[in-house]
Each structure stands twice: as C-alpha cells, then as structure tokens.
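Have a look below at one chain only, the form predicted alone, in structure tokens format.
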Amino acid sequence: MTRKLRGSVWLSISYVLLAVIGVFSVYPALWVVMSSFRTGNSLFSETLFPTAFTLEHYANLFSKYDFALWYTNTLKIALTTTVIGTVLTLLPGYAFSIFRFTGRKTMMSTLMVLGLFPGFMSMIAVFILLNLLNLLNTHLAVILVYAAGAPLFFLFAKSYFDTIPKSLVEAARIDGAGHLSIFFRIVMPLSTPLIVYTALSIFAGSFTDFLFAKLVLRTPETKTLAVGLFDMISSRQATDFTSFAAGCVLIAVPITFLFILLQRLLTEGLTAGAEKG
C-alpha cells in the first residue's frame, strides 16, 4: 500500500469517526429540542420528530413556573461573575507573564495544582464559611465563589500575554505609563481573543452550574435556572418533562448564540500562546 493510499484510508476513517461522534453528540440535543415541541408530557416517543407541534410547553414555563425570575437571577449571577472573574483571571496572568519576582514559579505551580482539584471537594468548607458570614441563600455568595474560582485558570492568560512583544510594554514604561495604564491601554486592546475566551468560559460555567447553586440557594425567589428546572421534575409526582425540555432549550439559546457569534475569537483565544508558555 502506497503512502498516498494509506493517507487516503486514514483520512476516510477519520471522517467516518467524526461523523459517528457528531451523530452521538447531536442526537440527544435534537431529541430534547423536538420533545419541547411535542404534545403531552412524556419525553418518550416512537419517532424523533413529533407528529404535531405545539408551543404550549414554552408558555407553561412562564405561566405555571417562575421561569422569568429564574432567568433573571441566572443572568444577574452569570454577568456579574463574568466581569469580576475575567478581571481576576487576566490580572494574575499579566503579572506572572511580565514581572519576575521571588516565589513566582512556586506560586504558579501551587495555583496550577489547586486548579486540578474538582470544586465540589471544597463545598462543605465553603458552605460553613458562607454560613459564618451570613451569606447563605444570597446571590452574592454564589457570585463570590464563582468569581474566586476563575483565577485558577490564569495559565491561559499568561500564555497569551507571553506572545505580546515586550518592547511595547518597555516603550510605554519609558514614556512614563504606570502598570495599570499599560495593562488597560496597551495589553487589553491586543488581547481581544483572550478576553472573549475567558469571559465566555466563565459565563457558560456560571450560567449552567447546578451543584453549588443548589447547595446555597434555598428559597424560591433566589433560584437559578438549573435549580428551578431540577425542582420542576425532582418530585415523584412531577410529569411535566416536555416543559423541562423547553426550559433546557431556552437555557441553551444564549450560550449557543454567543459561541456561534464569537467562534473566530474563541478559537484564537484557545490556540494563542500554544508555542510559548
């Protein structure tokens, strides 16, 4: 078998595998979308596409449940967390990239190791701390914890800042610019892909998180989308699964739209700094 033929065979196999993976990835999402338009309350159906389409389940979300309130609470938490978390991620990344100080490598290694541990390992300790601070059942508690976890992913920011020519920073220093001025006026305008990637990752994580929100938020007026939808179908008497599917679709809409709209910048943010670090 010639090299060209082997390459064609492996390329064909790759396409087949990608197609299979695509089907397994898209099919469950498509089933949920179609279920949201299906009449009745059951997710089970003999066909993928419903025989009759209805928007009743979307209307039920706002008439039978506090879906608008859940959506407002989730957007407030996600947007606030995104702003704070992005700043707290970019600043350490810039500091570790530009400055050389005692203990720099030790601090970087420590933060990297801490980032390897799953967040739920510290949930009990965080719960006790929030209880002592009288912050349980508040959106502030969720925002603080989400934003505090964002800086652990500073390595992406550092890798990107390493690609920015140091001559720009040195020229700004010669002109008398301070560190904050250099960061916000020179570095940030050159870091749009990084900012988009960081902000979108934080937004998607805080927008869809369930475990910590369920642990902290207890009353109906503080519920987020994930907690509200879980409570909708968690009881044994719950049968409104098609309305649950409609809620899942509405949750996916803003995130999917942002990923499609910012796809180019997101890809640049993921790949930038891959050769330096």
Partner chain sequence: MQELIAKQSKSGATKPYSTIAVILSVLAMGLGQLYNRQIMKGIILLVVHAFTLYTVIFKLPHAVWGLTTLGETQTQLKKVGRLYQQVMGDHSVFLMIEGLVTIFAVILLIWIYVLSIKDSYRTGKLREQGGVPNTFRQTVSFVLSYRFPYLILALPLAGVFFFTIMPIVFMILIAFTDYTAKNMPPAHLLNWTGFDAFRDVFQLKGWSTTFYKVTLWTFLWAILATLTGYFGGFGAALLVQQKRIRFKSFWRTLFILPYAIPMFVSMLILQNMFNGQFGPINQYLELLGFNRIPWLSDPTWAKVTLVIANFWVAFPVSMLMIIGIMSTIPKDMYEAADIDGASSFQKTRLITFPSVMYSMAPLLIMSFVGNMNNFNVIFLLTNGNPVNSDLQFAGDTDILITWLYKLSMGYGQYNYASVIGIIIFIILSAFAIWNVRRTKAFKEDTSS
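Computed from a predicted structure; not experimentally measured. Numbering follows the first chain given and starts at 1.
Omitted here: the form predicted in complex with the partner chain. The next part is about that form.
Within 4.5 Å of the partner chain in the predicted bound form, a heavy atom is found for every one of Ala125, Leu144 and Lys158.
Heavy atoms of Val26 reach within 4.5 Å of the partner chain in the predicted bound form, making it an interface residue.
Mapping the unseen interface onto this chain, Ala59 falls outside it, with no heavy atom inside 4.5 Å of the partner chain in the predicted bound form. Interface membership of Ser167, defined by any non-hydrogen atom within 4.5 Å of the partner chain in the predicted bound form, is ruled out. Although the partner is absent here, Asn137 lies well away from the partner chain in the predicted bound form, with no heavy atom inside 4.5 Å. Residue-level contacts in the predicted bound form: of Met188, Leu75, Ala171, Met107, one residue has a heavy atom within 4.5 Å of the partner chain, and it is Met107. Of all the residues from 179-217, those having a non-hydrogen atom no more than 4.5 Å from the partner chain in the predicted bound form are His179, Leu180, Thr208, Phe210, Leu211, Leu215.
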